[in-house]
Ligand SMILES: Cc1cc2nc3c(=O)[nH]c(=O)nc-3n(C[C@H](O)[C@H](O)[C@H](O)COP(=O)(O)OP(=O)(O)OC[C@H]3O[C@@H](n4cnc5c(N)ncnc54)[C@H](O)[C@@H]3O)c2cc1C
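Form predicted on its own, single chain, as structure tokens, below.
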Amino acid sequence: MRAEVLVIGAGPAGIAAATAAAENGCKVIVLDDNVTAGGQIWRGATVDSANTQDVAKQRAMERLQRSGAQVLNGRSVFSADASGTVQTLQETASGNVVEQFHFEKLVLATGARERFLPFPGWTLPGVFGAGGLQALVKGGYSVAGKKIVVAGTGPLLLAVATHLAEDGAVISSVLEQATLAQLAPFAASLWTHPAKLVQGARFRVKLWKTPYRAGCWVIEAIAGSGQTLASVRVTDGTRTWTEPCDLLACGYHLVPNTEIAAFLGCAFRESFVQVDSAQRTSLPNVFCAGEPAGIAGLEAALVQGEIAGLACAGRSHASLQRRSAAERAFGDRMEKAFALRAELRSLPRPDTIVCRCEDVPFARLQGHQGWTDAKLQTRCGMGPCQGRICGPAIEQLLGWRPVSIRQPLFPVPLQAFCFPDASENNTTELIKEKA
């Protein structure tokens, strides 16, 4: 398939980019690995006039549909070439299918994932990522009547706690590892973003009975008689106490999904893809919008996506630059406010599993020089998640940065490269040719 503009990711940034480019005459294809468009933030949103997020998604989706952009769901990108080719894997009822897409311009709107930090008991049944539990609930998992501790860092905690409470959960406490001294300047700056201030206030009003404890974090999840979560040990650095709970939702803000940008050869600014005012990366035909270019929230993703789409179509985006700059500044303040405390590096015990895919405990990582050495000796980061979970955790714990990103991005079955009528004798040659 061929497109003038190919967008990877159908979250808010990708939807905005695709809409802007298509409305200005470009042939646009959007690829997303989820069953429906919307990304994590708009996952499962319904048409509810009382919910501004639902209304925003409805309007964005209606505009996208009118634009003529083609959205292809269930496509996972495992290979890409900056010269103009992307390969995807689609799981169908009749088997796995590999598709190839050719583009003139590419927009990376690949979003972000949660950061997890290992602590004793974090692999127990009943311990979830904060956003992960929210996604499960949106998908039908019931939390009605369950006592839940929400912990970690970032503005996502209040949003998750509110959503879980609306679904019948009992939120026993919200634990934010950042101190009040860190949070106060950030909170004071919200007067320049009244919509965010109102949203935060609405969350807090809905959770008025729930303690919000700044400067506190979970140090251990404790199993009950059934080897499932029964309570968590919490500290504020001075005192320690135990809180009974049925579930723990724990996440330490977000990590950008930049793997595709990395193996395309885009330049980086620390952990984020480097972009100019048009959201153009160091590669002239590749653009990036949303969390991979800097984590700053929904409004930043929408305006950056629109700028990228207009730039792909050769249209002016000057009128959006002030909004974009304001959202980038908000993201910078948020990153400073929720910076991780040093004490979190000492949470794992020697026997605490760090790499869940390969069952590598923290003790086995000691003494190695970096990622490559650890992989060779322990297989850390070589499991199905390809380091997406343990990678950011180890970067926080030991300071190791990933040394390379290789294709394919995830395991691809050889069957996907075979033609349906391929005989046994020529299957190997067909695999070689397709690969």
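This one's a predicted model, so the numbers in the text were calculated from it and none came from an experiment. Just count from 1 along the sequence shown to find any residue number.
The same protein has a further form, the form predicted in complex with the named molecule, not shown here; the description that follows concerns it.
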{"query": "Pose source in the predicted complex; superposed partner the named molecule; site open or blocked by backbone or C-beta within 2.4 Å", "finding": "open"}
{"query": "Single option in 64, 409, 393, 380 placed near the named molecule in the predicted complex, where near means a heavy atom within 4.5 Å", "finding": "409"}
{"query": "Contact residue in the predicted complex, from 172, 96, 274, 76 (heavy atom within 4.5 Å of the named molecule)", "finding": "76"}
{"query": "Proximity of residue 397 to the named molecule in the predicted complex, heavy atoms at 4.5 Å", "finding": "no"}
{"query": "is_contact(residue 156, the named molecule) in the predicted complex, heavy atom dist at most 4.5 Å", "finding": "yes"}
{"query": "Touches the named molecule in the predicted complex: residue 112 (any heavy atom, 4.5 Å)", "finding": "yes"}
{"query": "The named molecule contact in the predicted complex: residue 56, any heavy atom under 4.5 Å", "finding": "no"}
{"query": "The named molecule in the predicted complex: contacting segment from 341-349, 266-274, 283-291, 213-221, heavy atom within 4.5 Å", "finding": "283-291"}
{"query": "Every residue of 20, 279 and 303 near the named molecule in the predicted complex, heavy atom within 4.5 Å", "finding": "no"}
{"query": "In the predicted complex: members of 1-27 within 4.5 Å of the named molecule, any heavy atom", "finding": "8, 9, 10, 11, 12, 13, 14"}
